[in-house]
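There is one chain below, alone, in structure tokens, taken in the form predicted on its own.
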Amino acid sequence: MSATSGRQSRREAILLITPGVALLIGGFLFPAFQILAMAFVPATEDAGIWSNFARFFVDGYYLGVTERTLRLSVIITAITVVLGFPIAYIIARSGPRLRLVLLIMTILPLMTSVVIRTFGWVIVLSRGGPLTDILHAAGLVERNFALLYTETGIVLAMVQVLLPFMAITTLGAISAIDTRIEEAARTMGCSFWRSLWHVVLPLSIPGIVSGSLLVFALSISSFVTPSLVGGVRLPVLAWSIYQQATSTLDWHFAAAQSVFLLLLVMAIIIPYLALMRRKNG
């Protein structure tokens, strides 16, 4: 009876997991394998299988695009950490009603299309936009100043787009911290800021690191916001891949860039997972 029940349970488990596995294989693994295989197909018969990757590293234009993509992703991640941690702490330590209001305000931007939000930033950052008018009225910039099509504009827009991911991820780690630990630190003479620095921040590191990885991965592969705010003068890696695939129709080189972008993300995530596994035993 128990053996029959066990076989039935296994069949039910296989039945439940089959749609998800099929979707993963057909929607992700198969296309990813096609991209990987395409990257090793040489553009000409006399070229080697590494010719697409060699072209990427030989051409200074693409190295510049990669450097800009990495630099902006690191800056965006660092700013979201600085802004996201206090937001998460305030939400975690607020009363139930205020916490609900703050949580809704934090996740509300995620319910709006990133395209719509980005077009909003295009208006705000453009010449004659609200931000330019405020800075000009304060005497900080000239009348024709604009942040649109600048790296600063890309950073501002991307931070607004990705900040909810950092705040929500960090919120989970801070909410798990027992408030009595903070109270004990305050009782022992710690000021609020010292308890925040020496108690809350170290215990929040797993959430901060997870949020940083999430924001970095989303930032380095982002296409819509950098393309609309940065324009063609400030291309990033995702935009370069799109151009190769749709404008020049060089799918093999676009695939090589996609593989390189994937390796960049994995180079960050895999060491983190190994470190967390070692830390957790």
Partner chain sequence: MVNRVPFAARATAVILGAAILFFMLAPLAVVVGASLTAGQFLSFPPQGLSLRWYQAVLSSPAYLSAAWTSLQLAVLVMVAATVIGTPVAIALTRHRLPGSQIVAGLFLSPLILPTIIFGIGILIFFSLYADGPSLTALWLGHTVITLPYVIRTVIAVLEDSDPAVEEAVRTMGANWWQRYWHGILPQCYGGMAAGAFFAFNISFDEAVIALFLRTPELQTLPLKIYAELEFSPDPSVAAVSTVMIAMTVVLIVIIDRLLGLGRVTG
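By rigid core we mean the largest C-alpha set that fits within 1.5 Å across both forms. Worth saying up front: this structure is predicted, and the values here are computed from it rather than measured. Numbering follows the first chain given and starts at 1.
The same protein also has a form predicted together with the partner chain, omitted here; what follows describes it.
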Only one of Ile123, Ala78, Ala146, Leu135 gets a heavy atom within 4.5 Å of the partner chain in the predicted complex. Which one?
Ile123
Do Leu102 and the partner chain come within 4.5 Å of each other in the predicted complex, heavy atoms counted?
yes
Should Ala92 be counted as a contact of the partner chain in the predicted complex, where contact means heavy atoms within 4.5 Å?
no
Check whether Thr248 has any heavy atom within 4.5 Å of a heavy atom of the partner chain in the predicted complex, and answer yes or no.
no
Check whether Phe28 has any heavy atom within 4.5 Å of a heavy atom of the partner chain in the predicted complex, and answer yes or no.
yes
Could you tell me which of 68-76, 137-145, 204-212, 158-166 sits within 4.5 Å of the partner chain in the predicted complex, going by non-hydrogen atoms?
158-166
Is it true that Ile107, Phe119 and Tyr242, all three, sit within 4.5 Å of the partner chain in the predicted complex, judged by heavy atoms?
yes
Out of 195-225, which residues reach within 4.5 Å of the partner chain in the predicted complex, heavy atoms considered?
Ser221, Phe223, Val224
Against the rigid core, is the Cα displacement of Leu262 between the shown form and the other one at least 2 Å?
no
